[in-house]
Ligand SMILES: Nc1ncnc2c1ncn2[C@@H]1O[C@H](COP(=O)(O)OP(=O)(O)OP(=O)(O)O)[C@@H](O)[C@H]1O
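Heads up, the chain below is alone and in the form predicted on its own; it's given as structure tokens.
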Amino acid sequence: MDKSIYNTIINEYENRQNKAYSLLSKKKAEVYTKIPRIEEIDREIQLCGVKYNKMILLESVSYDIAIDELHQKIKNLKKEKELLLEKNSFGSKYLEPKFQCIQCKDTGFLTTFKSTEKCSCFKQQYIDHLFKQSNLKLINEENFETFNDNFYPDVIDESKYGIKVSPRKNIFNIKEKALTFIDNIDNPSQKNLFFSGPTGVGKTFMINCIAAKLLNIGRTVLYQTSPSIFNIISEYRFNFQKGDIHENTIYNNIFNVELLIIDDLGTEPHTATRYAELLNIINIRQENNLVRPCKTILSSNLGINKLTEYYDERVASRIIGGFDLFRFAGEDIRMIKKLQS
């Protein structure tokens, strides 16, 4: 792992914690002024451990009895504290620190009796630092909450749209399949997704919807355009051949992130090397997916029937066999929005 990025993230977590506890100190000062008894309660809780440890050392009470009494004493004090806070309109949780990540409490790590591992928020931060080109910032505007089917015509016109149902029914079907994909992210038998269709019919929007939903449940996501991802691979291999590379994390994340999104497939330079690289990405990620979540979404303006013409037959076969294929159709939503503004 790149040490400079690691240290940057650790510093960020330290800043988060400092802010949380600084705000907590201000809240305590406010509450202590208005409710002096709460300051007494906090002091009593702090002294409880010392008191019962002393009792155990002096053997004036057994360990089990002391622990039970300690837990009950602290429980009673905390209950009194909560009631006082509620009575004075602060809310029972007012004096709890507010962390951005509830799971790790802004430490970046999850600790159990057996091990310590990086929190999903740490992993996502690390990926975001590695791939500055990520377009995931759009998920704040493009997500299932802002999904609007009114942009899709409710008429059936196969000669115009290339599908046997209306664009509106089609996009509803795709949305349902996308939600099923999210729900089954841990299922090895859940296929990857391939989105095709002309520019402006919602492929990238749906990608952002899926990314937003997965990020909100703590999954790691990497979004890259096809030219960018192949440039990253080429740069890695060039540096490796020169002996200038010490860390392979950037390259490895392409193969290991829980959801890899490659947008604009088909806009990369068309060479045999690129076909081999794409096939390698698909193969390795499908192998990884057998033991842990490692899903892929490909998006392209190319129609499904164009894959065999545009790519090596092995690449097309892998996509057709290992992905659920969806064609987006409708009017150019970007033009509709532009005309409405």
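Computed from a predicted model, the values in this text were never measured in an experiment. Residue positions are given as counts along the sequence shown, with the first one as 1.
What comes next is about the form predicted in complex with this ligand, which is not displayed.
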Contact residue in the predicted complex, from Thr180, Asn76, Thr199, Asn252 (heavy atom within 4.5 Å of this ligand): Thr199
Contact test in the predicted complex: Glu142 vs this ligand, heavy atoms, 4.5 Å: yes
Proximity of Glu80 to this ligand in the predicted complex, heavy atoms at 4.5 Å: no
Any non-hydrogen atom of Tyr152 within 4.5 angstroms of this ligand in the predicted complex: yes
Asn301: touches this ligand in the predicted complex, heavy atom cutoff 4.5 angstroms: yes
Contact stretch among 328 to 336, 5 to 13, 20 to 28, 314 to 322 - heavy atom within 4.5 Å of this ligand in the predicted complex: 328 to 336
Contacts with this ligand in the predicted complex - residues in 166 to 183 whose heavy atoms fall within 4.5 Å: none
